[in-house]
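Shown here is one chain on its own, the form predicted alone, set out as structure tokens.
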Amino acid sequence: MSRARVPGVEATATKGWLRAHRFLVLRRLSQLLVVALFMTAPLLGVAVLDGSLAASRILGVVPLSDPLVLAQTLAAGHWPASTALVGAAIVLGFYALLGGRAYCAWVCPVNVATDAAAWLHARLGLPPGWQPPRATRRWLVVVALVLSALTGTVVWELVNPVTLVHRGLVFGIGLTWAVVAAVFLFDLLVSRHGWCGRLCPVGATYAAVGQRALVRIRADARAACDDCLDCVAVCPEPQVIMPVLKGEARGVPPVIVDADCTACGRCVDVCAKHVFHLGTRLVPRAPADRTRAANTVPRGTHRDAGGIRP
């Protein structure tokens, strides 16, 4: 078993440790902050966020509802309260703008375990292992909805690792660590990036939500790429990188628009050539296009030596 190349070493030497781990640090702070806000109620008696990641309220006023939980509730034949509908609309709007799978990288507490498994997997040089089709998690959404309809219950929430881990972190339920260990070992020993990328129906739901999200990772400086592939090595969804990174000759815009992108920013962190940055999906017109537009004469006008005249 050989040790694989450690990605990000050159970036750390070039940019310094903090800039080479900036998005990773920010994501950990974001995940910690979400848990901390939920814990204000049991610890301080002030409910900044009350409930769980499935359904909560901000300061007891603004509702938030998980879209998959709402869909299962409807499938189970239960009409949710109006606040649940409003909460789902807020969540859908938020992630439709920022990218659905940003939830996976910036909010989900299970992501810490899967990231740790991916890091150790790479350091040990383990093979990818079993890789179920990426469509599996979408089929699991369908299964969850069908079982909810047949049983009249929100089925996935009974086994959802995200919910179980969140409850454990906030309320101290001992099962949490068994769930974390199971997901960690699955990604480490069975399927690299398997849980989030191929099985989790929550991630599949948020990917669908963020299909047309405005906020995206961009590779505007892709011409500077030296093919070190550190970005591919650290990306939890590496299939989204290369089509954009090497697509300039085929006219592919320098924007990762694949809904599977989690906007984790690790490609930005580990690239010593500053190829990637966080931006929007809006692609400015190329200089040639702007020149062509400037030289276009509107119908009904004539160009002569003195300029454009009617």
Partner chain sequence: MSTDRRPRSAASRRRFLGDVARGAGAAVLLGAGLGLHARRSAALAPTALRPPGALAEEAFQAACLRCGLCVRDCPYPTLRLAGLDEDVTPGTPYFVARSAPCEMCDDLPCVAACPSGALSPSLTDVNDARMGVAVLVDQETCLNFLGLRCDVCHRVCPLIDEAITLERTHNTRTGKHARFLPTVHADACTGCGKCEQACVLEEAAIKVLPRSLAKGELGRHYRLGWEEKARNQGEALVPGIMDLPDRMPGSGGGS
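All values derive from a computational prediction rather than experimental measurement. Positions refer to the first chain, counted from 1.
Not on display, but discussed next: the form predicted in complex with the partner chain.
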*Residues in which of 115-123, 225-233, 90-98, 138-146 have heavy atoms within 4.5 Å of the partner chain in the predicted complex?*
138-146
_Contact residue in the predicted complex, from L214, A221, L189, A76 (heavy atom within 4.5 Å of the partner chain)_ = A76
*Contact test in the predicted complex: G45 vs the partner chain, heavy atoms, 4.5 Å*: no
*Should H193 be classed as touching the partner chain in the predicted complex when contacts are defined as heavy atoms within 4.5 Å?*
no
_I'd like to check something about E248: if you look in the predicted complex, is any of its heavy atoms closer than or equal to 4.5 Å to a heavy atom of the partner chain?_
no
*State yes or no: in the predicted complex, is some non-hydrogen atom of A41 no more than 4.5 angstroms from a non-hydrogen atom of the partner chain?*
yes
_Residues within 4.5 Å of the partner chain in the predicted complex, restricted to 212-249 and counted by heavy atom_ = Q239, P243
